[in-house]
Structures are given as C-alpha cells and as structure tokens.
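Next up is one chain by itself, shown in structure tokens, the form predicted on its own.
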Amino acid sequence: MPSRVRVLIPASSANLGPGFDCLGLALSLHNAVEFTALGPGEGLQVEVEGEGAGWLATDGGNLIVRAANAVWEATGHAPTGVRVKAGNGIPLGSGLGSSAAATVGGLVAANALLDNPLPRSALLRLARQIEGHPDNAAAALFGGLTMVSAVGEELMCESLEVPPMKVAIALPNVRLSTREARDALPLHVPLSDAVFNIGRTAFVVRALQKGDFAMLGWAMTDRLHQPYRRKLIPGFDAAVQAARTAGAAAVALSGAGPSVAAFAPDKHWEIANAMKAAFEASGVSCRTFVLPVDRQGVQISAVG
C-alpha cells in the first residue's frame, strides 16, 4: 500500500438550469488533497492552504477528515496516524461544489491509502450520505457531464462524454449558503412547472453532448428553483442579461449560487467581464473565471 497519495478534485456546476439535483458538470478548477500515513502516536495533522485557509477546521471536524473516516469505518481499516494537506482552489460557498470536492477528496484519498478497496460507486454512496445530494460529488468523481437519480436508498449515476467547451463563471460577493438557498424553495410546485423542467432537462443533456449551443440556449431554462433563488442574489438579473448581450447562449445559476454560469462557443472572457460589470453596477463585487469542462474527474497519484 502507498504511504502517501495525492488527489486532484475538480469543481462542479450542478443543476444546469432545469436539472435540479440531477445534473452536474465538472469544471477545471481544482482542490488538491494529500494524505501521508504516519506511525503510531503521531495522530492526525491537518494543513489547509488556499481558499478557506485560516478558518476551515484543522482537526477531526474538517470535512476531508470526516469523509476519510467514513471510508475507514466502512472498510474496518485505518492508518495509525495521518497527515492531511489541503490546497484549495475552489472558492467556498460559491455554488462550484467546494464541499463536494472536499468530501470526494477525503473519500478518494483515504481509499487510495488503503489501495482502493472500495469502487467509485461505493464512494459516491458515501458522498451522498455526507453531502445529502450526489450531483456535485458525481461530477467530481467521474468528470464530464453526470446524471444522477437519488431517492431513498436508490442511487443511479451515469457519466456522459461532452466535447471540449468552456464555461464563463461570475462569482458575486454574496453570502449564500446551500441551506438558505434550499429554504427559499416552495414545498410544492405546479404540475406544469414539473413537466416543463423534465422536458428541458432532457434537451440540456442532448445539447451538451452535441455541443449544440442553440439548443442549449432554448433548453437551459428553469421553473423549479431559479425563480425563487434569483431574489437572494443582488444583480442576478442584470448579470444574466449582460451575459446574453455579450454573446452567451445559455445562462444559469451554478448549483444553489451565487455563481452564475454562462455557456457559449466563444467570447468567454467578454461574457465573464460583462457579468462582473453588471454585478458591480449593482453594488456587488465579483470574481470571474473561464473554466474548461474537466472530462477526467478525480485524479489519483501515489507519491511515496
């Protein structure tokens, strides 16, 4: 078994408009997690660099460690001590799957340190137990476009190849937790809205597979979550309009937000900068990214 492993985990954009809790797309912005097995008595050591450094937990409460413990409990094996190094490139609370990346990083690194006794399907089930929903975790694990269905004990996942493409991301400086975004949703929706989203979701999948931006522009619309969440993000409507004016074919909240994801065949930085200007005109500072789709998913290397 390796004594040290390194894992690279991609960011992800979930929902993709109508695919609420069912679709995820891996993006090339990464967290790195390194586990080193230590000897008896050396215990747990946690270091965090990058996003979240200085306030993320550096003890057993760290999400990476909690995920690792889930693997070790499931397998009945654990190292006598472990050093955990996290290098975070994914902004926290951004709608870009930072918590899923931490969870997947801990699961995959812990499993790799034991020489991979659990298949990725089992790791996805553990991720769902920790995260509560598997859409971001599935994208981070498998890369590309993922479809998931999770009801009760049932969990189905399929990874689909998509052609090379880039996504323009605007991350406004708005504090919005997933719990707040969930609480904004109604408990019941009209049947017509549910039917609308089912049809659009099917076409989002097909459009991404084909790289058909005209189809994607029609399909990536939603009636189940964005109409309720948009009110929580100052400048959202202006940013969407600015992205479309700059050439975006489709625009959607990334996950629960506050990030906004814009899809287009070109002009990605022009679109990102247009969204940034719109948010700043609304009094909200903003970070921007242009991210290729990550078609590989989590990557593992033994480094010792």
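Numbers for residues come from their place in the sequence shown, where the first is 1. From a predicted model like this one, the values you see are computed outputs, not experimental measurements.
Omitted here: the form predicted together with a small molecule. The next part is about that form.
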In the predicted complex, segment of 203 to 211, 133 to 141, 76 to 84, 166 to 174 with a heavy atom within 4.5 Å of the small molecule: 133 to 141
Proximity to the small molecule in the predicted complex, single hit among Ala37, Leu63, Val48, Ala256 (heavy atom within 4.5 Å): Ala256
The small molecule: the contacting residue among Ser149, Asn116, Thr221, Thr178 in the predicted complex [heavy atom, 4.5 Å]: Thr178
Arg120 within 4.5 Å of the small molecule in the predicted complex, heavy atoms: no
Touches the small molecule in the predicted complex: Asp294 (any heavy atom, 4.5 Å): no
is_contact(Arg125, the small molecule) in the predicted complex, heavy atom dist at most 4.5 Å: no
Partner contact for Phe289 in the predicted complex: the small molecule, 4.5 angstroms, heavy atom: no
